[in-house]
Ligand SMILES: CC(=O)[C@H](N)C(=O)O
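Before any questions on how it binds or moves, here is one chain, the form predicted alone, in structure tokens.
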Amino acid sequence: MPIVKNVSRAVSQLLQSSGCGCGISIVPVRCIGVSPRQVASDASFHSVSFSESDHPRVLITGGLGQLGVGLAKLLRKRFGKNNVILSDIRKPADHVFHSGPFIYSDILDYKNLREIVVNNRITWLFHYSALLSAVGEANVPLARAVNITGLHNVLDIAAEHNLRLFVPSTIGAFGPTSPRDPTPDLCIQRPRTIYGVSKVHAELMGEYYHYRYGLDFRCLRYPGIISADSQPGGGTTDYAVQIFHDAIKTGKFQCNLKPDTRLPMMYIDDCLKATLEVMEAPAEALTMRTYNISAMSFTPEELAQEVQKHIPELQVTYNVDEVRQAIADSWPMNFDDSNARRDWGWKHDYDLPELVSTMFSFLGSDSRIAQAN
């Protein structure tokens, strides 16, 4: 019996230490050397699951980013306000806080995240917590902790509690040796940013957990996402958002990419629709764990021409940022998303003209629409 007590005490101490906040000013990071839990190859999980007729209980991590708030709104409309929990480590705006359940959740705190899943009987988890490319390159250790260690926590908890897990990937998961026009689902991936490397890692780990432990892991590679709700943050594809703000405010726009730089893009409503559709798709319909999705592909020059149909007086100049240009030149020009369209019926709603009209309508432009001959 003393042996049993000693083992029990050791296990208890291990679990309690899994979410420790180390005294680092950047972010509390759990020690990486030992997994907080070991998943047996023949593990039999006994978590409460949901039938197809029931509403899932949803948790969104990193929910205050570009996509989380919009996704919560969409899911609450479909599954009910109280069935979708938004979480982040930042304080939400008042309208977000009052729109539905919000809780503090640090993905690096394994114990706290596990408690949230158990106490709220979570069945679906959307993992949006990540440091994006520019911020990640400025702080690689932090990006490695958030994007990789945080992912490991989420994977372990999702496997233990039989969750359906969604983790987004990105065009940044490809590199200069990947085929660019078009880029298929399966090809060489050698990204040169910590963000891209962490996303390839997420894709492969999710697929491994699916085949090793039966985890229902689902992933979409997003193109550049355009939204009227979020301000451009200096990313490589953010010129496609900045042009609308500058066109309305000043009538002048300076692009930091070459005019013929072609990249795949998507309006946010299509992105959110695709995310929900792949999560609702029958498991037997999915032939892979990670899919490309696409809607349109355009250059800065083509976008400017479409914007000038609404604001003919818009003046566009080009001042190329060599760092962003190098990143863009290593990314896909077009996504081949034929597998998504075949397997679960993916179909986009917004092409370039619809995108531009929608952006101006949301941004409140009083611009004139030019008459085409």
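Predicted, not measured: the structure shown is a model, and the values here were computed from it. Counting begins at 1, following the sequence as shown.
Heads up, the form predicted together with the ligand isn't pictured, but that's what we're talking about next.
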property: Residue 331, heavy atom within 4.5 angstroms of the ligand in the predicted bound form; result: yes
property: The ligand contact at residue 86 in the predicted bound form, heavy atom, 4.5 Å; result: no
property: The ligand contact at residue 123 in the predicted bound form, heavy atom, 4.5 Å; result: no
property: Touches the ligand in the predicted bound form: residue 74 (any heavy atom, 4.5 Å); result: no
property: Heavy atom within 4.5 Å of the ligand in the predicted bound form - the one residue of 133, 261, 292, 153 that qualifies; result: 133
property: Of 223, 300, 191, 206, the one that lies within 4.5 Å of the ligand in the predicted bound form (heavy atoms); result: 223
property: The ligand in the predicted bound form: contacting segment from 281-289, 180-188, 206-214, 236-244, heavy atom within 4.5 Å; result: 236-244
property: Sequence-ordered list of residues in 156-192 near the ligand in the predicted bound form, where near means a heavy atom within 4.5 Å; result: 170, 171
